[in-house]
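Starting off, we have a lone chain in the form predicted on its own, written out as structure tokens.
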Amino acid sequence: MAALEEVRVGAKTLDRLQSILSPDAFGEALKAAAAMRERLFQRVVWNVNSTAAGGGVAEMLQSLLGYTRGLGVDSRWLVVQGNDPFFRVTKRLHHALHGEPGDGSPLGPDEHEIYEQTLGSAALELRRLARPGDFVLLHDPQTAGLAPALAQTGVHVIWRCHIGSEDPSPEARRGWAFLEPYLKTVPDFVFSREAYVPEFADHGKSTIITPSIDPLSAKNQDLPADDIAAILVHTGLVEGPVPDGGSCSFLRDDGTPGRVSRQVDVVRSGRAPAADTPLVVQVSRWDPLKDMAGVMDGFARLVTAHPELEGELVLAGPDVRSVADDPEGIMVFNDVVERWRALPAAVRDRVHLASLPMDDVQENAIIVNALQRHATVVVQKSLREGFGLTVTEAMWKGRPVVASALGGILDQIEDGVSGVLIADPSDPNQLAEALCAVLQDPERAEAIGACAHERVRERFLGVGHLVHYAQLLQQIDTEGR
């Protein structure tokens, strides 16, 4: 089996975003696009990560590469084909960079050997593909070990890290110490937040570029209310009649029509929520740092303290068998199911655990889109968070978001204005109180959602992301780094 697999991405034109952006922002994007196209003529921009589906990095690459290809820039996407031991090590690194121990396994010589064995063959393939003058963007801990093999080849290497921790805890230092030998020859770094930059990557070598969403992707495109209802009823997430004008059809990222044909596998003890039942929703991976069980606990306390409040909870994540680079997923999901079984019956009947199909990534995305748009409140109660694109997505859809006051969420939400922040995400009572306040005040919830949408439009759309990358590549090229 090849050590690297290419992901095919179709081209998109920037023109489709003109109606969404301000004239100044659209003009800046066109100017950056022209400069990028001219500078990168006959050169390739390679992006390398560890999965083609599941998670914000894969979604951003699908979108950003589509627009760069639409500009005439030869942008390509390669995925490292790792095995279970490799992904156990990289998941351990993922936790460490967040300042958490994960499974507590060591990060010693044996782990370095596992890591280097997988990336060694991938590095050989990459050296054969990339040519002098090309740019290679390596994404996150899974790819850092490719950097040494690219030194002295004439390619421009950038390591892009989407995660990190504000405090230099022993675990974070352990993670960075593991990665530093592979990254010491890298001339340029990109991080999502200034606070995530380790000392060895500082000193003018790092650029801060915040993540973004594509407002026209399947995950974020506008959906008529009747179509939202049709999709959610068809998939089994809610119960009710399908409106006469409702359709399960949607527009794929390449402009071709798609249709939601699969259903969602839901663990529940009763019927699906009625279409008019207020829903509290969290969408995320089945990852311990996303704290799905903690959301369930907070919701249980809300129901116990305020039985008069209507509402049910949907915890939605990818089918755990489908995300190759996350070996913890099935363990976390099983733990959430066991804790759900232990809830009092009156609470358990109001909690739904949804495993979303991943066979068709864009079908998955449109299901998430419909669920987020239907939600009364969207939650992201992470214990650690690099940025939190699920927050961005829900804000774009005008939903009031209740989220942890940490990581990149702090860059997105102005507390009480464009969302509600939980000071201590480990305290389920704080979640219960925040949910109660939003559910009891629909007018405030609507105002928060409107502010949230505008904040994303101004700060977190993919066109701005592209402009920042274009400026960085121009700077690197001009200075000959």
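The structure displayed is predicted, hence computed values, not measured ones. Quick note: we count residues from 1 along the sequence shown, nothing fancier.
The following text describes the form predicted in complex with a small molecule, which does not appear among the structures shown.
- Although the partner is absent from this view, S284 contacts the small molecule in the model of the complex, with a non-hydrogen atom inside 4.5 angstroms.
- Under a 4.5 angstroms non-hydrogen atom cutoff, the small molecule in the model of the complex has G317 among its neighbouring residues.
- In the model of the complex, at least one heavy atom of E393 sits within 4.5 Å of the small molecule.
- Contact check for P141: every heavy atom lies farther than 4.5 Å from the small molecule in the model of the complex.
- Stretch 49-57 is the answer when you ask which of 35-43, 438-446, 49-57, 416-424 has residues with heavy atoms within 4.5 Å of the small molecule in the model of the complex.
- This chain is drawn without the small molecule; in the model of the complex, the residue among G298, G388, P400, G175 with a heavy atom within 4.5 Å of it is G388.
- K219 is the sole member of R92, K381, K219, H352 with a non-hydrogen atom within 4.5 Å of the small molecule in the model of the complex.
- Proximity to the small molecule in the model of the complex holds for none of K12, L21 and T68, with the criterion being a heavy atom within 4.5 Å.
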